[in-house]
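The chain below stands alone and is given as C-alpha cells, in the form predicted on its own.
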C-alpha cells in the first residue's frame, strides 16, 4: 500500500509495509493527574486532550495492518540506568524513583509507568523502555526496525519538544524519513510545541515532515475503500 500524504514542507510518501507508527511516552505518569508531570507543576489536561485523536490514528493504523511501536521512559528499580543529574535536576516535590500516587516515579513495572489504557499495546506490538529522552539511545529500536525493513516513521506522543523531537532527530541521523502528526502531539507549554513543529519542517524538512492527523486518516480510509 502506497501512501501519499499532503504535509509540510511537501508531500510525505511512504509504503505501509516499510513504515512504523511510533507512539512516544503516552504514559500515566505524564498524562494523568497525580503523575510525574503534575508533580512538576504542569497542567496534564493539555496532554490528555490529544488522546481521542491518537486513538483514531492507532485504530486506523492497526486496521490497515501497519507496524506499531510504543515507547515508555522507564528506569530500572535500582536506578542504575538513571544518571544522578537526571534525578536531582529541577525542584520537583517528587523525583524519579520516589513513591508517588501511582507507584515509584518513572520506574519500570510501576502503575504510573504504564501506557494509558486508551492506547494500550496489543500483543505483537513492540514496546520500548528507554532510559533517556530519545527512543534510540540505549535501546534495541534501530535494530528492530531494520530487521523489519522499516525506512519511514510516523510519530505521535509527548512531549513535542522533548522526547518526541529528540527521537525524531535520532531517527533522522539514522536515515529514517519522519512525519509528525501535529494534533497527536502536545507539550505542557503550547508555545514549545508550535516552535518545534516549525523546527521540524524548516529548511525543506531538516528534521522531517508535519501534517494534521486527518490527512493520514483520510488517505487510509480512501485506500481501504479502493481496495489497494
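Residue numbers count along the first chain shown, from 1. What you see is a predicted model; the values in this text were computed from it and never measured.
There is another form of this protein, the form predicted together with tricarbonodiimidic diamide (TIU), and it is not shown here; the text below is about that form.
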(request) Among 49-57, 32-40, 168-176, 195-203, mark the stretch whose residues have heavy atoms within 4.5 Å of tricarbonodiimidic diamide (TIU) in the predicted bound form. (result) 32-40
(request) Verify the contact flag for residue 159: yes if a non-hydrogen atom of it lies within 4.5 Å of a non-hydrogen atom of tricarbonodiimidic diamide (TIU) in the predicted bound form, no if not. (result) yes
(request) Indicate whether residue 69 is a 4.5 Å heavy atom neighbour of tricarbonodiimidic diamide (TIU) in the predicted bound form. (result) no
(message) Is it the case that residue 44, even though its partner is missing from this view, gets within 4.5 Å of tricarbonodiimidic diamide (TIU) in the predicted bound form, heavy atoms only?
(response) no
(request) Answer with yes or no whether residue 181 is in contact with tricarbonodiimidic diamide (TIU) in the predicted bound form, where contact means some heavy atom within 4.5 Å. (result) no
(message) Would all three of 20, 61 and 214 be in contact with tricarbonodiimidic diamide (TIU) in the predicted bound form, where contact means some heavy atom lies within 4.5 Å?
(response) no
(message) Just to make sure I understand: among 179-205, which residues lie within 4.5 Å of tricarbonodiimidic diamide (TIU) in the predicted bound form, judging by heavy atoms?
(response) 188
